[in-house]
Structures are given as C-alpha cells and as structure tokens.
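Two versions of one and the same chain are coming, encoded as structure tokens; call them structure 1 and structure 2.
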Structure 1
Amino acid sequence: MKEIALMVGVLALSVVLGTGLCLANVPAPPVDQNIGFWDKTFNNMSETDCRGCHGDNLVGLHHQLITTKGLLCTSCHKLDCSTGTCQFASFRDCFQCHSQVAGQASVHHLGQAAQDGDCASCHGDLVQNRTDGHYIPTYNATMVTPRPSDGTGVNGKGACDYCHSWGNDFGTGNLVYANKETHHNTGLGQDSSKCTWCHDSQAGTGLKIRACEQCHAPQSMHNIQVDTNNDGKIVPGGELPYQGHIGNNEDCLGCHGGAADQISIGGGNGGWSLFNPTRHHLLVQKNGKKCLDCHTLYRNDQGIFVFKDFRTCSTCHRNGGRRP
C-alpha cells in the first residue's frame, strides 16, 4: 500500500494557482481556491499559461533530461539548414513537445502518470490513487452518504457540488468550474475504459460516490482543511466554514447533510428510524447536536486525522442508558 503523508492546512500541499487566502465566511459555491490546483480546465493552454505556473527559468529542468531520459541535445535543439544557413528551430514553445488536445485533453493528463492513474504524483495528498489499497466504505447508503451531485438536503446539501460548483472565486473574481467540467476535461474519457475510473453504471443512486472514492476517499477528504486563524494548528469543528472539510459543522453537513426529505421519524416497517445510524444522525436535526460531538477526530502517529471509535455504545450510554 502506498504511504500517503498528509500535510494538512499547508498551502504548499500542491501547486497553488492564484492569490493567497481570503478566508471569507461566505457560503460556497464556489469553494474558496486556497488549497491545491484551481478548479478549472487545463486543456486550452497557451505558452503564457504554462509559464504562469512553471515560471520562465526551465533550462536546468530540461537539461536534466539528458541524463534522466537519455535525450540528446539535438532532441530539442534541432538545426534547420534548408535555407543554406543553419538556424535552430523553435524550441522554447512548450507545445513543441508537450501535446494537448484542445477542448478534450490537457498536457498534464496526456502524460504517463495520469494515464496510469497516478493522480497523487501531481495532486499530492489531496487525493489517493485508485490502486494504492486505501479504505473505501462498502456498506449500503445511509441518510448521510454523500452524493457526487444533487444532494437531497437543504439547498442541495449532502453532495460534492454543494460546494464544488461553478461560480466566481470570492477573492479574485476568477471563474471556478464545476466538478463535471474539471473531471471530464481531463480527456481521460477519450479512452472509454477509463470512464469506470469515475463512473459505476451499476451502482444505485445513493452509492455513486463509491466510484469517486477511488481517488477521493475518507482518509484524504478528512485531511483537507485550512488553518483559518493561522495559529499553526487545525482544530476540527473550530475553524471558519467553507475552508475545508472538517473545520466547521457546516462543512460536515455540506457533504453529509442529505436525505432531509427521506427521513421517517416514525417506526414504520423498513423506515429510516429502524436503523441505529439514522436514529443517531437525527440528533443533529432534533437536538442541535454537531457531527463532531460523536465523530471525534484526532491526529494519529503519522499526523493524519482519523476518527476515534464511536461505535461503542457505552461511550455515551451509561448510567441507566442515558448520556450524563
């Protein structure tokens, strides 16, 4: 299993495209673009776009290819002597070597790492790789199982696109794209065998998220958070909302606050309330409980946020069955 060392709350988790933190207490969408790559498409790039991220001084990086990839100087520096005077052909245009398919596939996702499904090699700890053996839930959908889109909670809560959708970034005004656009415009779907990397046509509506979890599983999801007061530590439930996944109860409900219209508080045959998880999750609505009142996050020895055991009844139910 590939080790994933999560470094939470550090903007250098991956390449940051854009400005610094705005940390506005503003409901998504779009989600603030404070961590990782911007939610945009990368398949209609210009030379200027490339240098905006990679900089202008790339000489050393390319010259290393002579030893790392066995290239020759003339692999890039090609002489054109057709006019009787030898001149070097253009070699500072990124697209001489780095291909993209405009409107379909990006330079980055046509590379071997992306084609092999090695997403973490570029996106770092924000994602997990499909074949690294990480944990993906296998239980049936519950009232809090997230959906990729169309959440059934208030204003669409309970789905990824409750936060990750189209709009203009609060801090910069730059356009932010929806998940469907950012993922489909990788061009990976040009190979139809890769469609199943993101889509499971056999899964029921409530379990479509399991395909997403091949890269966006609980371990990475619950370790994406900005240190909103810049005090050098992440406090689960104690940060500003909409700056990650674990900083505030609103963040929890953005993913897990669905199925509000499907809850049966009565004990009808097969009703939601027959199931222990549902009865406990209803405490958020009925008693004003917060998700982290029961689901306590702590850092383990590897510095990764994990949940304490919350399925031991006696943790809460004692003194005659009631919580003190």
Structure 2
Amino acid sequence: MKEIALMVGVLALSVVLGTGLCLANVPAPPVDQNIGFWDKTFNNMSETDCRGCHGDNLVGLHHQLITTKGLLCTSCHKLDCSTGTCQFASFRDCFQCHSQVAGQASVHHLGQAAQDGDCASCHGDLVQNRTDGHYIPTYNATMVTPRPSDGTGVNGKGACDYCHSWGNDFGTGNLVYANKETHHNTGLGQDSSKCTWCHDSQAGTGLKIRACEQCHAPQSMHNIQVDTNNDGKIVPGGELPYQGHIGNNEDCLGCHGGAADQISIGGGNGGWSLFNPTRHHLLVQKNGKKCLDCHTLYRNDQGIFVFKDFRTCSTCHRNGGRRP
C-alpha cells in the first residue's frame, strides 16, 4: 500500500494541539487523513485520477502480464478497421479496458477480490475480512457499547460518526464524506445481495455495531493509531487525542461513549444487584476513572495490541480484596 503514503501529507500536530484538548464538551475535530484512503467517493474518476495513484507509465505493469498471465498482444491491443484503414484502438485510456459505473461503483470494487469480500487484500490490516473467523463479541449491549451513529454521549460521543463523517480536514480543507457515502459508493451499497455484509436489520439499536464488526472488529479497531510524538512507539493512552483509536482516553470515549442514560442497558437496579461490567463502568463517571486504568492493552507475539484478561477478578483485585 505504498500509494497511500504519497496521497496524504502528514499534518502539523499543532493543529491538534489547538483543538479539543482538555475540553470535554467540545466536539471532536474532523478526522485526520493520515491513515488509509481519503474518506470520499471514487466512482467518477478520469484517466488522470487513475494515473495519480498508478503512475504515468503503465506499460511495464501491463506487459509483464504477458509472462505472468499468458496474455497475447491482441488480448489488449485491438485493431480497429471500421474506417477502412486499420489502426490500433486506444490503449491509453484506462476505461477502454477497466470499468467503473459513474456515480455508483468504482473500478476497484467491481473487481473480483472486492466482490469476493477480500477487502484486506488492498486495505491491509485496517480491516478484517468477513469470512476470516475473527472474534466478534456476543455479550449483550452495555453502557459502553459503540454505535455506528447517533451516539448517546455528549455531542454524540459513543459512535463512529462522532469523529468520522463530518467536516473539512484541517490540513487540506477537503471535505470528509459521511460513512454511508464512502461505503455505498464503492458500489457494494448498490447491490441488494450485499446489504448484510454491513447491516443487520434485525439487530436492536444498541447492537447495530456488530454488523460493522464483520470488518471492524475489536482487533482491527484497537490497532489503528498514529504515533503522535514520533518517538517510534505507540503508547496506549499516552498520545495526543483524535489521532487514532487508542492513543488517548478521549479516543476510547469517542467510540465507547459511556453515557449515563445507558445504565439501564447495563443491567441491575443499583447496589449489589448491578451487573459487574456496569458496576465498574459507573466508576468512570463517579470517580473519573479512565478506561485504561482497568483495561491494559499490550502487544502480543504478533505485535498486535490486545487486552489483558479483564474477566477474572484476581487479575486486578489482588488478595481477594475489594481494592485492586
């Protein structure tokens, strides 16, 4: 994915310092564009756009297919004799041979890999494939369960669109498109056989996010982060806010909201009847606890951030005591 680095410049961190920091009631800034593709639609491209990413000289790339895929010159270069004299049909314009459906579907997502659901083959580990058997939680919705949109926290905290889906990028001034547009305009959102790839119409409001987790499951979600101070390592909770998903407690809250009016979802009527996660999560509001005070993220053998066990009381409450 080397193209990516060329597409987007690194934004000055001073922009971030000027916004939102320490101010709990200020909305998140429009999401930066340092990682992944620009959050927009790409189904109205011209040959120039294609060459913007793929380069000016695509002769070698195509001609190597003679060896690797056994193609013939005439597989690509057609003689056009319609005018009486024969000449080669245009072979520079990408759309002679590759197709997009203008305004609806992009070249890349009409290709076999995308149609097969193999998003990771081009998007890398920013996403997980639907069919790779990855972990998606099955427990009930609680007061910290993220939502795709309409977060119930302050300013809409607790949902993807709290950060993504709105505003103009501070670095370039370009518009950040809404999640519905970026996803539907690949073309996948036009295909009625693929709605369930991203939506579960049966799921209640609190559990809509689980369909998104077919590609955005905890493992990929908690591994997207910019190294904000360029010290060569990512410290969960120790980076500037709004530069990824795990750098700062504000980032956790952006998705996990923690709105008081969701306590009822967590279960129990208070006191000892409280459902155990709720008991602990109430301490976020009550005692100003941060998510990472209890949930430890560490890199596993594959270098992937995972959570230390948070189910066994004795992981945190030593000697069986109430105080950890």
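Quick caveat, the model's predicted, so the values are computed rather than measured. Quick note, the numbers are simply positions in structure 1, starting from 1. We call the rigid core whatever largest set of C-alpha positions still superposes within 1.5 Å between the two forms.
Colleague: Of structures 1 and 2, select the one representing the form predicted alone.
Modeller: Looking at both copies of the chain, structure 1 is the one that matches the description.
Colleague: When the rigid core is used for the superposition, does Gln87 move between structure 1 and structure 2 (threshold: C-alpha shift of 2 Å or more)?
Modeller: Comparing forms between structure 1 and structure 2, the Gln87 CA shifts at least 2 Å.
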